[in-house]
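Before any questions on how it binds or moves, here is one chain, the form predicted alone, in structure tokens.
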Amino acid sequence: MTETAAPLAASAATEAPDPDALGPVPDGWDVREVEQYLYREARLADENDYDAWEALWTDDAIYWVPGDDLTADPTRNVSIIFDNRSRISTRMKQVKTGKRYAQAPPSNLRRLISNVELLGGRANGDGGVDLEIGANFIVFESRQRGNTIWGGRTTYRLRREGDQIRLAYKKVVLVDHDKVVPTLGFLV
């Protein structure tokens, strides 16, 4: 070890680990099981099965679609969507009334999910470890005003609660996040 490397190595060893750091993939997760869960979540959203879609979420869930600054603190900066569990529920109640202008009538949607990667484990507020996943997506939206193709990358965090898998976190980064976003009245 060189003279300059020794002090750096010693100081790194004494630093506290980053609690937000991504750890290894937690035991018991199978990529095929994860893919099936993500496909189901997408299908429920595409088919406007709002009750079943909402039931996927944990009580401490976060659903975030950042705007043009992907690293900004969503609690202090504008986001396209930044919902906690209560806001997710409120959003679903609004959509189910049929009086939400942006989705009356609802968009016809189909999404493709690909490049699913198990990224690692991330500590959660319950003292456990959530599985963090990355995946690419394309959503085809058809409305009377025309068709739109949305694309991007989603980061998910899944948690086992008993014998169920639940969605604790979903961050959707649109490919064109730095441009003006037309009405985004559906679930991404």
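Start at 1 and count along the sequence shown; that's the residue number. Everything quoted here is computed from the prediction, not taken from an experiment.
Heads up, the form predicted together with a further copy of the same chain isn't pictured, but that's what we're talking about next.
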* Asked: So which of 34 to 42, 121 to 129, 159 to 167, 51 to 59 is the stretch with heavy atoms within 4.5 Å of a further copy of the same chain in the predicted bound form?
  -> 34 to 42
* Please run the contact check for L22 against a further copy of the same chain in the predicted bound form: heavy atoms, 4.5 angstroms, yes or no? => no
* Asked: So, in the predicted bound form, is W29 in contact with a further copy of the same chain at a 4.5 angstroms heavy atom limit?
  -> no
* Asked: Wondering, does R110 line up within 4.5 Å of a further copy of the same chain in the predicted bound form on heavy atoms?
  -> yes
* What residues, if any, in 113 to 139 have a non-hydrogen atom within 4.5 angstroms of a further copy of the same chain in the predicted bound form? -> I113, S114, N115, V116, E117, N136, F137, I138
